[in-house]
Ligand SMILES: Cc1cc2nc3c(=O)[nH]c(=O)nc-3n(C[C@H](O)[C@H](O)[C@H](O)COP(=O)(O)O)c2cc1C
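A single chain, nothing else alongside it, follows as structure tokens in the form predicted on its own.
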Amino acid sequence: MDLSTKYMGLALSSPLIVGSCGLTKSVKAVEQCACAGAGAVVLKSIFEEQIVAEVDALVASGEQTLWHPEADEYIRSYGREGAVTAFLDLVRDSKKAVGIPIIASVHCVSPGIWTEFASRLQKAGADAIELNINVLTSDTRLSGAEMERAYFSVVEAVRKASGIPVSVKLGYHFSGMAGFLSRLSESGLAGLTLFNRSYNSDFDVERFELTAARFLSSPNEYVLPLRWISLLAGRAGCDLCASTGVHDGKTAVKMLLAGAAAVQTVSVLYDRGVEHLQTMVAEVRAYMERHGFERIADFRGRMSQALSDNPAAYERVQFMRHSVGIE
């Protein structure tokens, strides 16, 4: 069985990608992912806030800026350098250590000073950039249109500064989701990762404290990205990557059948170890063998809405009637 595939123009030996997380924060960790069968890794993110915070701290401590006009810009430049040095080293060293694509992840909120580092990520050896654009949908001051414009402005700025493929990993809290994703896919992006799983809060009712809810996904959360990938596959202007709730090879197969070019997994690797990738790869391979598929391309997108004889069955009302008998 040939499990190789292409995502964002990159050749992957396997459709399984380890998403950005603590399991990809070091060269040793990246090597473990590669050995376990990952087709690519998304490095643990660098945050726009990290850069800004370090710059602000250095400027605040540089008293000479009060009397030396050039010192302010020097300190700011030094701060930007210090914030990204470790990340660039991780990109560079990971690329030397493994033979699979290395995708750099950037958490950002604006097309700000960090976009100048896009070209440096390419020089360091990154094969692609995954943007995690963190515009909070809970901000009551922003309209839906304003939020969408923020995404497009970041994408445009990074694409202009980068010579490597760019993707966006985003959540599902948008109005007019189909139209927004369609327009975003036509903006010159090489890929869309559906979906980002935001961290949720919880309450301690005895101590009256705000706490963190479980940050790992559960196996049943795959249904949301499965639905949207099946609706967009064959219609989007870029590759689609599935994320959230992918805990086994069977779920990865479902995402591929829906039309995903690749599949990201994280949570189950925290629970079972990176070695679980080997099991997932074996499950995909066993599925292909049972059905006589020699390549991923033989079945990828086979169950997308675009190729369905009954596309209406993918819509909400018809799906509810079919599943639970609601008239």
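A quick note: this is a predicted structure, and the numbers were derived from the prediction, not measured. Position 1 is the first residue in the sequence shown; the rest follow in order.
The form predicted in complex with this ligand is left out here; the points below concern that form.
- Message: Among the candidate stretches 242-250, 175-183, 150-158, 91-99, which one is within 4.5 Å of this ligand in the predicted bound form when only heavy atoms are counted?
- Response: Careful reading of the contacts points to 242-250.
- Could you spot which one of 115, 196, 122, 187 gets a heavy atom to within 4.5 Å of this ligand in the predicted bound form? It is 196.
- Query: Looking at the partner-bound form in the predicted bound form, is residue 21 within 4.5 Å of this ligand by any heavy atom?
  - Reply: Contact check for residue 21: yes, within 4.5 Å of this ligand in the predicted bound form.
- May I ask you to state whether residue 270 is within 4.5 Å of this ligand in the predicted bound form, using heavy atom distances? Yes.
- Message: Although the partner isn't part of this model, could you tell me whether residue 45 comes within 4.5 Å of this ligand in the predicted bound form, counting any heavy atom of the residue?
- Response: Answer yes; at least one heavy atom of residue 45 falls within 4.5 Å of this ligand in the predicted bound form.
- Message: Using a 4.5 angstroms cut-off on non-hydrogen atoms, would residue 258 count as touching this ligand in the predicted bound form?
- Response: Residue-level check for residue 258: no, no contact with this ligand.
- If we check this ligand in the predicted bound form, which of the residues in 93-112 reach within 4.5 angstroms of it by a non-hydrogen atom? Residues within 4.5 Å: 105, 107.
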